[in-house]
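One chain is shown next in structure tokens, namely the form predicted alone.
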């Protein structure tokens, strides 16, 4: 099992605000907030705050009855977590600047009903009108609004974007998501770890391998399972292949959004080749069901090693041509540079992760900060850009494809012999919990898993990188023209389904 260094602390409610200030001053940043109804054995609701930094995760437990101190004014990254806790548990974050419902449920939902309380009886409240959602307004002469979504012309999922404009420049963008809440956290309660695995891989399908790695890291820690070396290598190979095909697709869509269809189609063809490789390895184009509790479901033989090596060589060749084309085309650079800029300070305040953070100069990469599997054996350095614009996010993806290609090559060359799965009969200790961390193509995937007294799931919380990053686009579009919004959006390429579970 992966060993995550966690400092556990219990703090008093009134002392927490000053503590958060001190944490930020020492370079710590918010990884996630997890609320849990533990009144059954602790008489309180527990709220756990996880702060990362310097290779260690600091956990702070605050016990609450009905109210807790909001930290969002000094830690803006906490704002969405606190709103979510308010919706799902009915706990009130005292001092929160914006307690509008996230729309996890329809607007005619009775918000006195909180589904993540353990005494929730699964009954849907009577449908009636409880009020309307009030959007923020920008007033002044010549100000007008453009509404986009929630239903879009393409096949993407629903999301509502409300622009306030003066002429062409964007003065404000307000995002409203959570149109298809699936209640995954509630559905997982009372299920065993393998049943939940089938749900976890559906959270955000294009990143399912890396999300599953995070979940399994937590579960295997609870069950005291030690993976074989071969299983660790194969998990990493699948994870890096997933990262590569995601980045190839992302760059292709960026080309499409600036009107360069030919290089885009070339990259889409490369993506198709990668997905056919996925199918040859696991029987699934998206690598679904490739991992399981205790190991992996599909081994890699000499023929598969050859196919992987040849494919990633072609990927590197095509991406180098693509990189040269970008750098030598003034038309391409004109569209990418200075567009959708998210500065380092904003990235820090919102605790961004993944490509979005590294493009703004923040060295946030879970593989390096909190090494898991055998990433710690690689001398990995975060690939960083400072400009925080579409160009930085595009160039960063290309550079990281080269890094992933090298990782896969080293893994294939040194692939150890042995079993790919270990048997286990461990029953977890009642109410034992663990966290999982992994680096998806979008950024940090964070799991909190607690077992109940029957060895089933008592509480599961997943925090997708998209949940952290979506608010940043509201800053990235400011001062840009509305026509650049699709490009800015594509350069972040965030998941709707991962955001709204």
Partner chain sequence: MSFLSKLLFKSKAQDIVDDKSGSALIKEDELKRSVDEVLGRSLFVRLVDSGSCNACENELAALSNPYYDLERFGIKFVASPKHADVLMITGCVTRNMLNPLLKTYENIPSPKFVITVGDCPETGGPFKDSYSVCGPVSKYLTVAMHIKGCPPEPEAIILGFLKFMDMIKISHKVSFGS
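Positions refer to the first chain, counted from 1. Nothing here was measured: the structure is a model prediction, and the numbers come from that model.
The same protein also has a form predicted in complex with its partner chain, omitted here; what follows describes it.
Check, residue by residue, if 70, 83 and 189 all come within 4.5 Å of its partner chain in the model of the complex, counting heavy atoms only. None of them does, since no heavy atom lies within 4.5 Å of the partner.
Using a 4.5 Å heavy atom cut-off, which stretch among 347-355, 296-304, 362-370, 264-272 contacts its partner chain in the model of the complex? Heavy-atom contact with the partner occurs in 264-272.
Contact label in the model of the complex: residue 259 to its partner chain, heavy atom within 4.5 Å: Residue-level check for residue 259: no, no contact with its partner chain.
Does residue 321 make contact with its partner chain in the model of the complex, using a 4.5 Å heavy atom cut-off? Although its partner chain is absent here, residue 321 would touch it in the model of the complex, with heavy atoms inside 4.5 Å.
Indicate whether residue 115 is a 4.5 Å heavy atom neighbour of its partner chain in the model of the complex. Answer yes; at least one heavy atom of residue 115 falls within 4.5 Å of its partner chain in the model of the complex.
Indicate whether residue 100 is a 4.5 Å heavy atom neighbour of its partner chain in the model of the complex. Judged by the heavy-atom cut-off of 4.5 Å, residue 100 is well away from its partner chain in the model of the complex.
Name the residue from 414, 224, 198, 343 that puts a heavy atom within 4.5 Å of its partner chain in the model of the complex. It is 198.
Going by heavy atom distances of 4.5 angstroms or less, which of 325, 431, 338, 424 would be at the interface with its partner chain in the model of the complex? Exactly one listed residue reaches within 4.5 Å, namely 325.
Residues in 138-163 with any heavy atom within 4.5 Å of its partner chain in the model of the complex: Counting only heavy atoms within 4.5 Å of its partner chain in the model of the complex, the contacting residues of 138-163 are 150, 151, 152, 153, 154, 155, 156, 157, 158.
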